[in-house]
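Only one chain is given next, in C-alpha cells, and it is the form predicted on its own.
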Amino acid sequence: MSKEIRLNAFDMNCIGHQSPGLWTHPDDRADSYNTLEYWTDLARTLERGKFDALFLADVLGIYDIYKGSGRTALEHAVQVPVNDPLMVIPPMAMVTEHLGFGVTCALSYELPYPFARRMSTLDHLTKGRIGWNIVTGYLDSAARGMGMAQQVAHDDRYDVAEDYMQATYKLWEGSWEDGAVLRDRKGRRFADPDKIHRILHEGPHFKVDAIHLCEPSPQRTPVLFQAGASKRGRDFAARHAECVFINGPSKKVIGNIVADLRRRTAEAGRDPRDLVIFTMMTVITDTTSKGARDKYQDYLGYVSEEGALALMSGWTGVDFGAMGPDEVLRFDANANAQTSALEAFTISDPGREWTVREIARHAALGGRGPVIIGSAEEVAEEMRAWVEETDVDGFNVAYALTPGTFADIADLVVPELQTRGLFKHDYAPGTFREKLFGRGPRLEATHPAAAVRWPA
C-alpha cells in the first residue's frame, strides 16, 4: 500500500505566482491578494480539503535579469507587487483550526533577534501551526535594496545560514527553561527569572547577547522547511530541515534529488524517513478528462510566455532575453541564483535539452514543475505514481487559477485520494509538527537544536 500523500497549497502574497498572465482570466481572483477576504476564503477552502498547510512563497527584490530590466516583471505582475507574507497568517488562523502555515523568510536580510520574536509570536497566535521555509535569497535586486552591491555568493550564503540557525535555536530552545513561566496570580510572579537565561552567541556572521523576548510558544522552534536543492542546499537540509521543498520538470530529476537528500540525511545522523519531501505540481482537473483538457486549452489563451522567461531568468540567473528562441540552455557554474533551478533544466537530465522556446512554454503554466491534467481519478493515479516512482511524500500544489484550482482539488481530487486510502480523512490533533510526525510539539532529540536546550 502506498504511503499517505501530503498536500500543501502553494501561493504567494502577490498577483502572478507560478503561471504569469493567468490573473487576467475572468474566473481568477489573484488580483484581490491585497484583501483579507482573499486569504480567509482561501484558508477555509484548504481546511475543507484537509490540506496539511498553506505554503507561502516570498521573494525580496524584483526579477530584473530578463533583458537587463524589471520592465517585463512589472508589466506582467511577475511576483511583483509582492506583500509581506507573515501579515496574512493571523486572519487565516482565526478562521481555521488545523491548517498549517509554512512561510518563506530569507535569513540574509534580517537579524536573528527580531526574527526569532516574529516566529514565536506567530506560533503563539496560531496555537502552534507555524512553519518557517528557510531560504537565503537569490536576487541581486534584493541585495541592492538592502544597501549591498550584490548578494553574497551562493555557497557562502549557506555559511551565513548555518550561523543564523545556531543563533535562532539558542533563542527559541535555550533562553527560557520549561517551567520558567509561572502565571502565579496569588504569588504575583509571572515567571521565574532563575529559569530564564541570557543567550550569548558569537558566530562568524552574527552576535547575540540577549534574552529571548517571547515566552516559549507551543512548538518553540517552528516546523523547519527548506527550499534549496543545490548540493550545498541539500547538505543544509540534511542537518536542519524537517520538510524539504524541491522542484523539477520530470520524475527522473525529482527522483534523483529525493534519493540524494535521504542519503545525506542518514549521513548526518538523522532518520531519512523523518524528512518530509514535497515537490511542486500544478493540477488542472474537472469531473471528466475532457472537462480538464478543455480548461487547460482555455488557460493557454491567457498565459504570458514572456512573463515566464522573466521568472526563469530570475530563478536561474540566465538572461533568456539575450538568447535566441531555439538556443539550448547550458549549465553555467558561475550563475549566482538558484543553482538547482539551472541544474533541473540542464545537467540533472543529460538526455534532455531545453531550448528557450520550450522553457517559455513549459514555465508559462506551472513554473518549473509538471502540470497534471485530467479527471480526479486520473490526477489521483498520477500523484500515486509520482510518490511511488520518486519517493516524494507529497506535493506543493501550485494554482492555475485561484481559488478555483484549490477548490477543485479539495472537492474532486481529495475525495478520490481518500477512497484509494492515500489521504487522511481528518486532521490529527495537536500542533503542526504533531500533525506531520505524530510525536510531540518539540524538535526530536537528534536535531541540532536539541544540543542548545537548557541545561545543555
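What you are looking at is a predicted structure, and each value in this text was computed from that prediction instead of being measured. Start at 1 with the first residue shown and count on from there.
The discussion below concerns the form predicted together with another copy of the chain, not included here.
Proximity of Tyr33 to another copy of the chain in the predicted bound form: non-hydrogen atoms within 4.5 Å are present.
Although the partner is absent here, Tyr113 is a contact residue: one of its heavy atoms lies within 4.5 angstroms of another copy of the chain in the predicted bound form. Another copy of the chain is not drawn, but in the predicted bound form it has a heavy atom within 4.5 Å of Val59. In the predicted bound form, another copy of the chain sits within 4.5 Å of a heavy atom of Lys127.
Checking Val135, Met383, Val88, Ile277 for any heavy atom within 4.5 Å of another copy of the chain in the predicted bound form turns up a single hit: Val88. Interface residue among Glu215, Glu327, Asp156, Asp271, judged by heavy atoms within 4.5 Å of another copy of the chain in the predicted bound form: Glu215.
Only one segment in the set 141 to 149, 252 to 260, 310 to 318, 288 to 296 has any non-hydrogen atom within 4.5 angstroms of another copy of the chain in the predicted bound form, and it is 141 to 149. Residues Asn13, Ile15, Trp23, Thr24, His25, Pro26, Asp28, Asp31, Tyr33, Asn34, Thr35, Leu36, Glu37, Thr40 of 9 to 46 are found to place at least one heavy atom within 4.5 Å of another copy of the chain in the predicted bound form.
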